[in-house]
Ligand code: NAP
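The chain below stands alone and is given as structure tokens, in the form predicted on its own.
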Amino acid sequence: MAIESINPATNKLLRSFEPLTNQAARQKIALAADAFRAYGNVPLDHRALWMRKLAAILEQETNDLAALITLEMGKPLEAARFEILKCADVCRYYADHAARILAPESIPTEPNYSYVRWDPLGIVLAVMPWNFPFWQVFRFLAPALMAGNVALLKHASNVPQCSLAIEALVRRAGFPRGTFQSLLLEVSQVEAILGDERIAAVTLTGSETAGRAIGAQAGWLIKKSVLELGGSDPFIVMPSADLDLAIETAVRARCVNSGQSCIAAKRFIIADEIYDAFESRFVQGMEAVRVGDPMKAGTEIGPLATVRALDLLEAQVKAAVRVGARILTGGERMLGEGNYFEPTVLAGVPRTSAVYREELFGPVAMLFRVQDLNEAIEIANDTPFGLAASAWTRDPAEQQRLVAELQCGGVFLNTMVASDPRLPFGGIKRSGYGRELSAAGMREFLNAKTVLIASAEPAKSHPE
């Protein structure tokens, strides 16, 4: 079955690719294994040189690469440019900081000498999603290659051109052949790839379904895995918040990437005292968001990436209405060509309903009125997900409670949730496990090797 690149703004076929045969995939694994044996001897300074060259190419070719993203998955062009520049930033971050992160850690164990050294694991399989087709890959690629690992990328089937472009960029930057390869595969082929004994570890960003499959197989094979799955992030606003800034940010936080982001704010939990003002102005803000051709300047929301994503979001909104939710604005797919859905605000979604516990992957927000901070925290935590949370309050005591009691991988006070190369990124509960970015992300695919060198002097005996 062909792997197709389809423009979601028109649903017209851009290009079609034949998936790799199983034999061709095994040859790429063999090439990666050979590359790893040699790559471990490459000085860190050389890797950093190539990584900085990669950042420079990304910056030089931002417009062309951004256009490719927009064509394949519908992200507004300005957002696609930002994504490419963020990839350049993460390349430079790891080029600058790898030596510090990888430095051996001395541990006092007198009279012996002990330290921990960080060794690469080998070939890491990356199974990546379509919503940030460059950024999701680069936030893994940069630390993995700087650490001395090599990588195989199984990208989402609807962004094959982005996948191939990334491999070409890595090679042009100077990285040796085989250190990073794109595998155009069908989903059914992934099991055999991960099962190959030469694959040391796997990282996946994607759906719960994919995470369960990959995590289960990796566990059975006893291979290291990192899973970054879905999210239903709360956006909490308390009475002391800067309401103007909170509302402005709330609209952006729900509509980032046309609402197709795991860390987009999805559940808006608002204190009763300010709820009415927030609701009316938030609805106005959602109605003012510009939906249209993602290639045109000024467009803030483009099409959803696939027809399947559009159908699912429409079904979820209809399911919410059937159980009593009210549509304050939007609620329908938009007529004409392309996978467009109206910016939508729902209120009164019952906490007993199925949709309450699901992730809405598109420009649809759910509003909840709460009486106090206790109820806000209760609702925020009443989700199977635990990726991140944005909380708005100027009260120091409330801030302390939110930081301590919210069940998630990150709490952002008085700002929207965003990833940053300097900070660990990941979640808990059904949002997955492990971390990306920062030193923590780099070390996920390193062996913390303990080294102890005995003292020449005999150790003193100790009483039992």
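This one's a predicted model, so the numbers in the text were calculated from it and none came from an experiment. So that there is no doubt, residue numbering starts at 1 and follows the sequence shown.
What follows is about the form predicted in complex with the ligand, which we do not show.
Comment: 212 to 220 is the region of 212 to 220, 160 to 168, 106 to 114, 244 to 252 lying near the ligand in the model of the complex, near meaning a non-hydrogen atom within 4.5 Å.
Not displayed here, the ligand is approached by Leu387 to within 4.5 Å at the level of heavy atoms in the model of the complex. Contact annotation: Cys262 falls within 4.5 Å of the ligand in the model of the complex, judged by heavy atom distances. Although the partner is absent here, Phe425 is a contact residue: one of its heavy atoms lies within 4.5 angstroms of the ligand in the model of the complex. Not displayed here, the ligand is approached by Val190 to within 4.5 Å at the level of heavy atoms in the model of the complex. In terms of contact with the ligand in the model of the complex, the residue from Leu346, Val127, Val237, Ala151 that brings a heavy atom within 4.5 Å is Val127. Checked against the ligand in the model of the complex, the candidates Phe361, Phe140, Phe278, Tyr340 yield a single residue with a heavy atom inside 4.5 Å, and that residue is Phe361.
Residues of 202 to 231 lying near the ligand in the model of the complex, listed in sequence order, are Leu204, Thr205, Gly206, Ser207, Ala210, Ala213, Ile214, Glu228, Leu229, Gly230, Gly231, the criterion being any heavy atom within 4.5 Å.
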